[in-house]
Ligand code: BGC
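Take a look at this one chain, the form predicted on its own, written out in structure tokens.
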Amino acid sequence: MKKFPDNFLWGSSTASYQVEGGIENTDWAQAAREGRVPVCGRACDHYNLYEKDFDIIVALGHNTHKISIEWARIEPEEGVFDEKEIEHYKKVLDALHARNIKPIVNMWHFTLPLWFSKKGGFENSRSSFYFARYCAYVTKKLDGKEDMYVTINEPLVIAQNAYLSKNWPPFKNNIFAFLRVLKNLSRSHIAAFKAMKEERPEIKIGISKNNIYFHSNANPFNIILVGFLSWFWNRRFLNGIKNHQDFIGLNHYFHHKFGGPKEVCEKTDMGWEIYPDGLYHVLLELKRYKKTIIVTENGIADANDTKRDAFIKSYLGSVHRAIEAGVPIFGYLHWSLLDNYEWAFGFKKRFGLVEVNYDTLERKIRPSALEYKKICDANAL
């Protein structure tokens, strides 16, 4: 049996736009109206059914849960803040606390308020001002509700998909816009960190960074390429904000090997290779920052639930291995609690520990979630 540290955080993550439903004043909702991405609609109706979902969290033995605040709900118009929505999120956090579930609050998970997207979003030179103002407001209003915040989810993923790959709004393919957005996202995190700390110096603030395990054969060119990509994708952003974060949230889904021999790996319903050793290596790479680390996302699209149990156990084996190697990891959050809106894939891919019937909104706990519960309960693998 592989024991995890005392007080280890076990749980899952969700994101507002992907589960809440009824959010129509964002760049994604506008893109759906234009027929460029699938319609999200009511999604899982988590906005109204959150207490039911949190009861499921308790039944699954989790002691923490990461939610995101929907910026477009809080600030539907520039500089205009909606107190009713603040009160809603206070109730959400109260519901978690009432169940002894520690909330981790993510301030932004991909979707932009429509007014902000019309200003160019994070291409705008004043984007850090707008983002920090929003973050400071929420932090002040949620005083005492929680002590752990994530500012930005996966900055390079949003920049790549929106400004290079043309998959997400605003559907651009412009390397200069991509680099400008990354620069402004870094500035926005730092500005938000400072503004939030002014409101509540005691809170802990981090970022959820999607890191990829790049590796290669012995070809010198491939070794150099891996070094460059590891720096550019995994470390460059973190290097820029290293003095403005209390912890690091790690999201991990991918590895990329350059050169043979090719390894045979099982694949998820997304076509992504299952490669648990990659999680160990990206965790080890983060040790240099001398920050505590929590895995804020790691999961699998598996509609038939035939691979998720083994996936969780193998990736947690890599987490435990990293802890034994001295990486200061304090939690693991599976993506996701619920099946949800998977961005440009719509509702076709099933990442949930809990299956959602989108017609009836019925929730059904998958067998793999009960296997994960055994690990959570025992604090051991």
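Not measured: the values here are computed from a predicted model. So that there is no doubt, residue numbering starts at 1 and follows the sequence shown.
The following text describes the form predicted in complex with this ligand, which does not appear among the structures shown.
J.: Each of Tyr89, Phe193 and Gln245 within 4.5 Å of this ligand in the predicted complex, by any heavy atom, yes or no?
T.: Answer is no for this spot.
J.: Does at least one non-hydrogen atom of Tyr47 fall within 4.5 angstroms of this ligand in the predicted complex?
T.: Flag for Tyr47 set to no.
J.: Report yes if any heavy atom of His109 sits within 4.5 Å of a heavy atom of this ligand in the predicted complex; otherwise report no.
T.: Output for His109 is yes: heavy atoms within 4.5 Å of this ligand.
J.: Might Glu342 be said to contact this ligand in the predicted complex, defining contact as any heavy atom within 4.5 Å?
T.: Yes.
J.: With heavy atoms only and a cut-off of 4.5 Å, decide whether Phe351 touches this ligand in the predicted complex.
T.: The answer is yes: Phe351 has a heavy atom within 4.5 Å of this ligand.
J.: Just to confirm, with a 4.5 Å cut-off on non-hydrogen atoms, which of Tyr253, Tyr134, Phe214, Tyr163 contacts this ligand in the predicted complex?
T.: Answer to the contact question: Tyr253.
J.: If the cut-off is 4.5 angstroms on heavy atoms, which of these, Ser186, Asn153, Thr139, Ser127, is the one near this ligand in the predicted complex?
T.: Only one option qualifies, and that one is Asn153.
J.: Using a 4.5 Å heavy atom cut-off, which of 55-63, 334-342, 34-42, 319-327 contacts this ligand in the predicted complex?
T.: Looking at the other structure, the answer is 334-342.
J.: With this ligand taken in the predicted complex, which residues across 297-312 come within 4.5 angstroms through any non-hydrogen atom?
T.: Only Glu297 sits within 4.5 Å of the partner.
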